[in-house]
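You are given structure tokens for the same protein chain in two forms, set apart as structure 1 and structure 2.
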Structure 1
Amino acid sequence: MKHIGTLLGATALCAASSLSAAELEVTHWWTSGGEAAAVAEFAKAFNATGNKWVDGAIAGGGGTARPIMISRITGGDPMAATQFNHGRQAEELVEAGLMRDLTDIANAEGWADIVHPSSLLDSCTLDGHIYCVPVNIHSWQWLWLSNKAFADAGVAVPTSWDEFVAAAPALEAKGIIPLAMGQQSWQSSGAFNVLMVSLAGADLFLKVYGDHDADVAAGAEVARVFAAADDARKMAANSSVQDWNQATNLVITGKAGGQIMGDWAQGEFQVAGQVAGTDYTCLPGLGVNEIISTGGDAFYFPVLADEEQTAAQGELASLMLKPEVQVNFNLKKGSLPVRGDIDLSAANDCMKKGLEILAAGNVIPDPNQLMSPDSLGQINDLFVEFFNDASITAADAQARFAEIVGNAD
């Protein structure tokens, strides 16, 4: 009878779990090999609660995915959860009352005490209420180098941006593309911003993107950055790929010497079985100025009418910040965790460099936290033109850049 009672109790528990379980569609733009491996960690953890993660991956990156996500939410066909970058991308949706307030969960679980740096939770906060879950810290300020490419070219692996530029002729002589860069607009503007922080410093970056200072943007320091961007576009002239991960693959296979790309590139190296320090080298701050941005990703939860789905939303929001989930997700993603209290001893050499820079406080906000999506879109468009049209001089591009900065919101 004892065994029958136990069995009946277990059956009742399973029935109760299945009754309260819900399917949640989660939209995101993580479709590369490394990204897919990382998001699978979220799905696995959520499915273990008895609920079901319905994957809504949208190919083409954030620039393609965000308009689709926003259109669905404003059009009355919301998903249950959706990715945006840290910053102001969902601000209007929150103001319209379309996003769920997570303040009660955040307060109950002490998010303010565990999320580091605090600017990440600030980006989720509007009028004192918290509307999103920050899940990682992605930094843009990295130069990824193929050890094989430089060995094939007979030159030492560079330790700085200037050494990288100086090595370009030796790479080209061996048929190796010096700088891999895809054609998505955010890649070229992102590379420019990395050059700005690395070569001109954090204070100048904050004056341009934080203060929207057109005079600084038109000045001599930024002119030096545009000169470096001109070097970069010459080095990337034969990089005929579209997506960022295709450009990363050129580095992985030794067909390109390097790539300026965020730390999410680590996920691609990992999937390819490459080892940091052996197969590839990473230079935070381009080996010049070891500062990283604290951008990254957060999840928002549109307001739903279904009570079971609403309850499951709360479970998903909570588990995304659990220590073991943070570790498993970020190790696959190549990003840094938003929790400062977890063990990342399994991190590779490049991730450990990022953790050291973060611990030292050498960080800046991401442009998404400082400018509106419209202003950043104008900057993206400018750099697509600049990197693809050699007739646009650095001086002309700088003048247009300064005008956008001065009118930014």
Structure 2
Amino acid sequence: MKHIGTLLGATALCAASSLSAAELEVTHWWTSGGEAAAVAEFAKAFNATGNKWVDGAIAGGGGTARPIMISRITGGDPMAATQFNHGRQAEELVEAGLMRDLTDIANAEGWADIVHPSSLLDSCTLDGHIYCVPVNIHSWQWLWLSNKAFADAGVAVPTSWDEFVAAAPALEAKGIIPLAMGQQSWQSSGAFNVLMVSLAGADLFLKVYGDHDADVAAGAEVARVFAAADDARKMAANSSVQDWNQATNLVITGKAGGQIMGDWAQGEFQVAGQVAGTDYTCLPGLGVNEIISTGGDAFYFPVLADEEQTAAQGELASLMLKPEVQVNFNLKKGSLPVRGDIDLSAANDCMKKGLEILAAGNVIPDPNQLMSPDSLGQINDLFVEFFNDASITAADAQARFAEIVGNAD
């Protein structure tokens, strides 16, 4: 039945599309197995319109890919469409008039009504014009636990962060690393932000990241978060892996008790053939505050001279938000769809938990939507140093954090 639906959808799109066909180069940094399968769904749907998707995958992650994309756009050799994260990564490109205004298409198709949560469309909007298509939601606030590790240590699988901290000595006694954490700087700051949202609540998070309130960042509640980060640092002291998926692998193999990581980690568990609930446990909001952030990916369309390509850009933009494309893409990607009105019954347990939280509206924006890459880069530097150097006290780190927040833009 699902296939027939897809076919019908594709046929409808074919009929709707104009006769002109164009080749569009689309750049993105989705190169792992699950990611490539997900992006192939876009390509398939787009090729079905009679146009041609030219895949421009850039390996090495967003940090490597974004400079390449930006230099191509600013250097006068733009691709037809490109991925960025929700937020302000492309802000200056939009200000410089290099990105195509999609407001007409958005109004015609009523994006304002279908995109949920609406903050995603806000991130695409500058001075009332819409410049990007949000395609998925990835959230950071997850604690992934290895059921095997806790069985080996003889303690029950924790249901909250405090229980997890309490179980750490039992894990260590069995030679299990309590908390797996990679060395990349975004992992350290990401984990800290998760602790902040989960332990101190969404309001505090919004004051710090949204209002850039240095007094709050220096205050007692954030001090409590730093104390928890200090616990996390001790629990992760023996975790000497580099990449996030290597850290996830420690959890999958039971060498580590848990990992704080976004929902993209789920793809690793799936590839390893593990089942949510029996092999691993997921705790959104660390089991304390079930709130998820709405980061993720959006597509931007640089201004092109060629009319046919410009028309095809419009087709691609509207296609990315079509219900069947959203379902196929997000199931492969392990992310949540950007529209609340579609059926994701094929999703697994952890994804369903995420969907429930999303439906209940317990969401916050991603730091990428609130602060510039420059400020976030400084925060990354601070936390990777804090998590790796036990000689920095929580109080010192908090003072530096408050300073960065105060100067943030």
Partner chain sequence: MAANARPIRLLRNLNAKIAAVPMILTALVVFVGGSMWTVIYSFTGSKLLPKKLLKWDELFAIPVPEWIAKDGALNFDIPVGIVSRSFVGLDQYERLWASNRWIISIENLAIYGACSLVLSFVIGFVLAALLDQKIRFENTFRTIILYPFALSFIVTGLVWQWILNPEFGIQSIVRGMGFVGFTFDPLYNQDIVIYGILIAGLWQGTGLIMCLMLAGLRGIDEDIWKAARVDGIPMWKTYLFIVIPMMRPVFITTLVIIASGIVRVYDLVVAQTSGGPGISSEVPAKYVYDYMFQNQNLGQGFAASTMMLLAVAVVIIPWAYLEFGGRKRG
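Basically, rigid core = biggest C-alpha set you can superpose within 1.5 Å across the two forms. Sequence positions of structure 1, starting at 1, serve as the residue numbers. Please read all numbers here as calculations on a predicted model, not as lab measurements.
As summarised for this chain, the first structure is the form predicted on its own, and the second is not. Taking the list D77, D374, A346, G273 and the motion between structure 1 and structure 2, the hinge point where C-alphas stop fitting one rigid part best and start fitting the other is A346. Rigid-body analysis of C-alpha superpositions between structure 1 and structure 2 gives a rotation of the smaller part of 12 degrees. Once the core is aligned between structure 1 and structure 2, the alpha carbon position of N51 differs by 5.0 Å; this is the C-alpha shift at that site. The rigid core superposition between structure 1 and structure 2 gives a CA shift for P67 of 2.3 Å.
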